[in-house]
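Below sits a lone chain in structure tokens, taken as the form predicted alone.
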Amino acid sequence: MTALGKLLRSTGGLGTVVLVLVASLPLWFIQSSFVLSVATLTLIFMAASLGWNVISGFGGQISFGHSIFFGLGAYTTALLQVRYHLNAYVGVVLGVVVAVVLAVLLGAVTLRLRGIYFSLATFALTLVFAILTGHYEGFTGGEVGLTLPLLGDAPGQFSFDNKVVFYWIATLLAALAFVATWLVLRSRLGLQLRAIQADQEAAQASGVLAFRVKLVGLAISAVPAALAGSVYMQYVAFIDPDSAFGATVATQIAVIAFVGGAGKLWGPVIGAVILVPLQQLLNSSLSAYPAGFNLVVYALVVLVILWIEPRGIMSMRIRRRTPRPPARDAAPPGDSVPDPRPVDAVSATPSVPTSRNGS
């Protein structure tokens, strides 16, 4: 059976139904440019969060630096077009290559750290990239950012007048990221990552090369994030240090998975469908309020969800469907209560002397 057939079977056909439904939304549901933009951004960040889920959800290495790969994909695509006038598709491919190479280099240092130290190191690195990008303004455009040249409808240059095309490209990207995540989850690599998450010392004692496995997992997780950054750049046609490497992007990629259910296959999908539209809606509806008020409301919603279920929305669904074990009835008066120990344990219990001299 092919990998696609196994995927359809394992998800009960749900994945196909969701994909067809999502791809058809512009034909019967999405009628405004704002809704189309929100839906496209949802799919882009869904793909980035699915990549994050490989190393952080399955492997337990909580990263707040996947915006590095997102930003590298975006800036590589933009710089190759603006500075060197290369084809945009070449920029997309090279953006992935740059992100994977840097993931290996950064992972060689940061993956030797564990827990909160790894998280802090990755978060610090994304801030360093934001500072460096803003500093070298002669090359990167600095804080002003980079704007893609207006090419009109040029499919050969990854430019489309019809924004629905970008929506379908984002749908394909999210679908590919989902399939890649599913393949990792069912592979030996996925099993090893989950073993490391559960107990790294025990996994190493069982023969798992923990550092190498985490390094491969980080490199794989960088690919969807870099592709998401490239598609985002082509869609909005503008990038700056804050929208590429900023703290907001760094935390958003991780929070999407946390809210949906980190380590769950559908977790980033559910999280993106809830949080990205919420964020865009708050940005537009609360723009008249003091700066940052929309972020406060957004953070409160996230905190409430994680307070109700710290493991994410997918765990709420699983817990509701898990039947509770039947309560054990109390024994009626006068009836003997059966010994809860196994029969072998009862029969193997040594006799206890009844007197001090052992008689």
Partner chain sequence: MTTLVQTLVSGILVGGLYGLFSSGLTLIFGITRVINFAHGDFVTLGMYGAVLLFASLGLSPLIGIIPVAILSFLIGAIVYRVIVRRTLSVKGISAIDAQHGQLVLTLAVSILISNLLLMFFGPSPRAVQGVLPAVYEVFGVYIQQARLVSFLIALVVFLLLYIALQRTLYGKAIRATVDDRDMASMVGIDPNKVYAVSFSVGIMLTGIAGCVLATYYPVTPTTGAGFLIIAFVTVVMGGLGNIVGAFVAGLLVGIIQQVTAIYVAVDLQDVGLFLAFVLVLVLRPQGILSGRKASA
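Under this definition, the rigid core comprises the largest set of C-alpha atoms superposing within 1.5 Å between the forms. These figures come from a predicted structure and were not determined experimentally. Numbering follows the first chain given and starts at 1.
Keep in mind that the form predicted in complex with its partner chain is missing from the display, and what follows is about it.
Checklist entry - Might L295 be said to contact its partner chain in the model of the complex, defining contact as any heavy atom within 4.5 Å? => result Contact with its partner chain, yes.
Checklist entry - L27: heavy atom within 4.5 Å of its partner chain in the model of the complex? => result No, L27 is distant from the partner.
Item to check | is_contact(T251, its partner chain) in the model of the complex, heavy atom dist at most 4.5 Å | outcome: Yes - in the model of the complex, heavy atoms of T251 and its partner chain come within 4.5 Å of each other.
Checklist entry - Do V255 and its partner chain come within 4.5 Å of each other in the model of the complex, heavy atoms counted? => result Judged by the heavy-atom cut-off of 4.5 Å, V255 is in contact with its partner chain in the model of the complex.
Checklist entry - Ok, A154, L105, V97, I116: which has a heavy atom sitting within 4.5 Å of its partner chain in the model of the complex? => result In short, I116.
Checklist entry - Which residue, L281, V144, A237, L120, has a heavy atom that falls within 4.5 Å of its partner chain in the model of the complex? => result Spelling it out, the residue with a heavy atom inside the cut-off is L120.
Checklist entry - Counting only non-hydrogen atoms, which stretch in 74 to 82, 155 to 163, 284 to 292, 222 to 230 is within 4.5 Å of its partner chain in the model of the complex? => result That would be stretch 284 to 292.
Next on the checklist: If you apply a 4.5 angstroms heavy atom cut-off, which residues in 36 to 69 are near its partner chain in the model of the complex?
Outcome noted: Contacts from 36 to 69: G60, I62, F64.
Checklist entry - Can we say the CA of F293 moves by at least 2 Å between this form and the one not shown when the core is superposed? => result It does shift by 2 Å or more.
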